[in-house]
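The chain below stands alone and is given in structure tokens; this is the form predicted alone.
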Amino acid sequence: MKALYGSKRKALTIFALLVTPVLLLRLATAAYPICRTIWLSMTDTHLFDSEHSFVGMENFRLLFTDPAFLMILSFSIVFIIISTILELVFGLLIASLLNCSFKGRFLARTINLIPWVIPTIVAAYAFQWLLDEQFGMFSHWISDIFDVSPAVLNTALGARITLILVNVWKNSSFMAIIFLAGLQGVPEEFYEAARVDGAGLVRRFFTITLPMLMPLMITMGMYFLIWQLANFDLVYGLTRGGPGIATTILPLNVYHEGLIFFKFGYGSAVSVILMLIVSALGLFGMLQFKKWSY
């Protein structure tokens, strides 16, 4: 009994020695910044003010009565939802094509990954130059064909559509690779049995492929929804959030308020709202994954 007690005590000591550094690291790098941000969001802290005071929910009241912030919030939601839906659709379509047997399939799969491996900020500046009204290659082609001078990044609608399309182009290739791995995991016997029963291509897709890939699609959908909420470099490199604030999303708004205008309290309030949205999406994703997992 004494030996058993000593063994448990030794195991607990080793457990504490291994877990404590990790726990302290997470507290220092995750828990403290979150708690500090929540505290700052309830103050009027500004870089050039030596004194700051507790203002409670005043920053949040100002945010939700500010038409500019409501526009940024609404476009952020539209941006991540439309981008994720299009990436899921195009990713599944590309994966289905890459899953077919044809010559050069390995090369096609490699080329598919090119958009993904290009650094986001590089892709953003490249498209900014390609779409430049005066010197851009795309603009030159459109001008030659339609005899008009396109200025897609100078209009709110054009800049928003361009931002979403570039984001979809960048991320669909990675989504396709993940779905391709999922497609290759579907047993071929299912499709053969469906063919024997007379099921066509569309019916096989909706009765076999889609249900089998649904947990993977939910996981990737939730991952990209959350990930794109932190999309900063693409927006900053392509449009700087403009024209005006037409393409500004929440992370860029945090950057403007906190690091350009030095309104740490107000910027922290935006960060807290961003964190709440991410948490809600994560919880929703976990519930959906539990519902569809098998």
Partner chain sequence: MELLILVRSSKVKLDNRFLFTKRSLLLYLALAVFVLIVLIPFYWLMKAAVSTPDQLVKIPPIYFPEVGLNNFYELAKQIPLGNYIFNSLIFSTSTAIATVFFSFLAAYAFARIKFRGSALVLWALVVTMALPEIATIIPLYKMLGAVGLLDKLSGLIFVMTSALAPFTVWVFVPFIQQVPESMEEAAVIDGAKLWTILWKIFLPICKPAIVTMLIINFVNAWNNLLYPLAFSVTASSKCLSVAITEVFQAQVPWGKPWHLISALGVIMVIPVIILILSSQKAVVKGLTKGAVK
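Throughout, rigid core stands for the largest set of C-alpha atoms superposing within 1.5 Å between the two forms. Keep in mind it's a predicted model, so treat the numbers as computed, not measured. Positions refer to the first chain, counted from 1.
We do not show the form predicted together with the partner chain, though everything after this point is about it.
Trainee: With the partner absent here, would Phe60, Phe64 and Gly241 each sit within 4.5 Å of the partner chain in the model of the complex, counting heavy atoms only?
Mentor: Checked in the model of the complex: no contact with the partner chain for any of the three.
Trainee: Which residue, Leu93, Val78, Val196, Ile145, is the contact with the partner chain in the model of the complex, using a 4.5 Å heavy atom cutoff?
Mentor: Flagged contact: Leu93.
Trainee: Just one of Gly221, Pro115, Pro150, Gly158 has a heavy atom within 4.5 Å of the partner chain in the model of the complex. Which one?
Mentor: Filtering the options by heavy-atom distance leaves Pro115.
Trainee: Using 4.5 Å between non-hydrogen atoms, is Phe190 touching the partner chain in the model of the complex?
Mentor: No, no contact at 4.5 Å.
Trainee: Contact between Thr162 and the partner chain in the model of the complex at 4.5 Å, heavy atoms?
Mentor: So Thr162 does not count as contacting the partner chain.
Trainee: Can you tell me whether Phe15 touches the partner chain? I mean in the model of the complex, with a 4.5 angstroms heavy atom cut-off.
Mentor: Yes, contact at 4.5 Å.
Trainee: With a 4.5 Å heavy atom cut-off, would you call Ile85 a contact of the partner chain in the model of the complex?
Mentor: Contact check for Ile85: no, nothing within 4.5 Å of the partner chain in the model of the complex.
Trainee: Going by the partner chain in the model of the complex, which residues of 90 to 117 come within 4.5 Å of it through any heavy atom?
Mentor: Read in sequence order, the residues that approach the partner chain (within 4.5 Å, in the model of the complex) are Leu92, Leu93, Ile94, Ser96, Leu97, Leu98, Asn99, Cys100, Ser101, Phe102, Lys103, Phe106, Ala108, Arg109, Thr110, Ile111, Asn112, Leu113, Ile114, Pro115, Trp116, Val117.
Trainee: Once you line up the core, how about Leu23: does its CA shift reach 2 Å between the shown form and the other one?
Mentor: Shift of 2 Å or more: yes.
Trainee: Does the distance between the two CA positions of Thr13 reach 2 Å or more between the shown form and the other one, the core being superposed?
Mentor: Yes, its C-alpha moves 2 Å or more.
Trainee: Do you see a C-alpha shift of 2 Å or more at Phe206 between the shown form and the other one, with the core held fixed?
Mentor: No; that C-alpha moves by less than 2 Å between the shown form and the other one.
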